[in-house]
Each structure stands twice: as structure tokens, then as C-alpha cells.
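The data below hold one chain only, encoded as C-alpha cells and taken in the form predicted alone.
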């Protein structure tokens, strides 16, 4: 979806701001966007490792006059950041894009098409970045599934108790 969005933004002269990722990654992403979509205005970028406050980051984004900000801080951090700072931003849209900058800059390779077709890209990412992804995929995902199943069991128990009453 990202390439189509960038084409449309370039055709309409929209300005984007990139926030997140490692310094070299966000810089490479900005450079590639400028090369591939000459009409797209990259109004600015800032890495996700900045020590600047959220208020200062929002000020920089607003100063750029961006129409859209792409936030690549990883889930759920990016969604929380957008939610906590939406009132400070003078942009039309803030979009959480996860690891998009890593892929788009070429610093992390995407899984082969057949792996993606099987919905196993997470296995590829775990193999490529074991330290960074082990907590999410080997602990976080099973914990999430356990909580869902526990919630369903608890709901059934409560429903059964209500039927008895």
C-alpha cells in the first residue's frame, strides 16, 4: 500500500514527515522516497532514538508543515505516541508504520514471497533479528493467545453461572 500512497501524495504535492527508526534508517528512507517520488515533499525526518521530548518532536513536525507524519516506533509504542500527542500535531494524518522504514531503506530484507503467502513472515523476521524479535514472537504472542483463551473460558464460566441463577 505504501508505494500507491506515495504516488498519490506526490501527485497532489503533499508533504510528509518521517519519525522513528534508527538515524541511518530514517535518513535512507527519506533519501529513497525523494528519489522514487520526485513530487513527494519529504518535509523532514527525525529518528526514534532522539532524546527530545514529545513536545519538541511535535514542534519540529509542525514546523515542517507536513500534511502526514509516518511514525515508525514499533507497536504499540507508535500507537501510544500518536494517541498521546495527536492534540499537539497540526497534520491531517499520523500513521503508525511499524518496521516500514527498516524494509524500505533496505536495512532489513523482506521475507521471500512464498513465505509471505504462507503468513509466516514473522518466522523470517525472528530468524533475521532474533534478539529484537524473540520477546515479541516467542513470549508476547503466546501470552496474548493465552489471555484470549483465558478470557473466553472465563466468559463461558460466567455465562454458565448466570444460567444457573
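Residue numbers count along the first chain shown, from 1. All values derive from a computational prediction rather than experimental measurement. Between two forms, the rigid core is the largest collection of C-alphas that superpose within 1.5 Å.
Unshown form predicted in complex with a small molecule; subsequent notes refer to it.
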Open item on the list: Even though the partner isn't displayed, in the model of the complex is residue 77 close enough to the small molecule, meaning a heavy atom within 4.5 Å?
Closed with: yes
Open item on the list: How about residue 82 - does it come within 4.5 Å of the small molecule in the model of the complex, if we only consider non-hydrogen atoms?
Closed with: no
- [ ] Look up in the model of the complex whether residue 49 has a non-hydrogen atom within 4.5 angstroms of the small molecule, and give yes or no.
- [x] yes
Task: Contact flag, residue 95 vs the small molecule in the model of the complex, heavy atom cut 4.5 Å - done: no
Open item on the list: Looking at 113 to 121, 128 to 136, 30 to 38, 58 to 66, which stretch has residues with any non-hydrogen atom within 4.5 Å of the small molecule in the model of the complex?
Closed with: 128 to 136
Open item on the list: Superposing on the rigid core, is the Cα displacement of residue 134 between this form and the one not shown 2 Å or more?
Closed with: yes
